[in-house]
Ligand SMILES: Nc1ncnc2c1ncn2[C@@H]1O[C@H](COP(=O)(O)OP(=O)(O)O)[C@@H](O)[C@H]1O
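Starting off, we have a lone chain in the form predicted on its own, written out as structure tokens.
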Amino acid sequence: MTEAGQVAGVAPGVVTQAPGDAPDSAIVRCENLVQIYGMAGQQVTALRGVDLTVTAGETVALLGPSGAGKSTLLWLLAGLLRPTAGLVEVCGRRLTDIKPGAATNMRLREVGIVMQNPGRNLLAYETALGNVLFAQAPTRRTRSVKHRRSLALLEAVGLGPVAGRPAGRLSGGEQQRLAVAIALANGPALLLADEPTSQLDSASAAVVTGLLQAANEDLGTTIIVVTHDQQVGQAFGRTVTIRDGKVGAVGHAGEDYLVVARDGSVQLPPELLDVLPPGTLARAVRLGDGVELRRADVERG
């Protein structure tokens, strides 16, 4: 593996692209993705036909209320779940077709993951330094290169002074920052992060967000982040809002756009529901360049 590139001034990492992908090609592709939990009669539908394409080098924030399906989508992209229906491709691989061992290898070499519970990303008995070193086991770097990169990543997330402390003895915020360093250790083509700033103060959150942006800018790493924090979301190139298991809106340059689903449905943003509350009868009127929704005054018999 070629040693090249830097992240926020840290030691050289590995520049990676999805296998065979051109810079403008899709590194993530979901089509009509459905995820249902539970048994017959006790089912919960987490995703209801999600369509999503992310090109290599993009930064995307998944927004939406709790229970909307954001974390489920991230788990599917990581190959930790198999979808009930639909297509999901990551780094050129159709995840419904690969075996568990191949999915594990993909996560070790090409896809970095930051779980919502930071402790799940760590070896609690191992030091912070040891955790980042362990993450680099699949690479062909020499031990000295791994050591330098580990220390540099720890410094970048503000954990240099506690590099020798066991991960289990770090605070929740420190564990979360360590999880980000571990996820970036191998210079992944794609990084998936579930609420990476949820346990951080504003200053630490800015450091982590900056590190993710630097990984994107310096190494071309594609970033997909689940977050409830609008400020964190605005730091990324595109926002995708998920409501009730569907993609409801996509944001570019500070402006949100509604998404028309496969079945023709559109999710109104919450701030417009006072005009057309749920259950309102409406007419769709064709215009020259679109469609307008108008309240229909119909007597219910």
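Start at 1 with the first residue shown and count on from there. No experiment lies behind these values; they were computed from the predicted model shown.
There is another form of this protein, the form predicted together with the ligand, and it is not shown here; the text below is about that form.
The partner is absent here, but in the predicted complex a heavy atom of 44, alone among 44, 275, 260, 253, sits within 4.5 Å of the ligand.
This chain is displayed alone, yet in the predicted complex one of 235, 56, 68, 52 has a heavy atom within 4.5 Å of the ligand; that residue is 68. Although the partner is absent here, residue 198 is not a contact residue: none of its heavy atoms lies within 4.5 angstroms of the ligand in the predicted complex. The shortest heavy atom separation between residue 216 and the ligand in the predicted complex exceeds 4.5 Å. Among residues of the shown chain, residue 127 is not one whose heavy atoms approach the ligand to within 4.5 Å in the predicted complex. The ligand is not shown here, but in the predicted complex it comes within 4.5 Å of a heavy atom of residue 72. Looking at 26-40, the residues that come within 4.5 Å of the ligand in the predicted complex, counting any heavy atom, are 37, 39.
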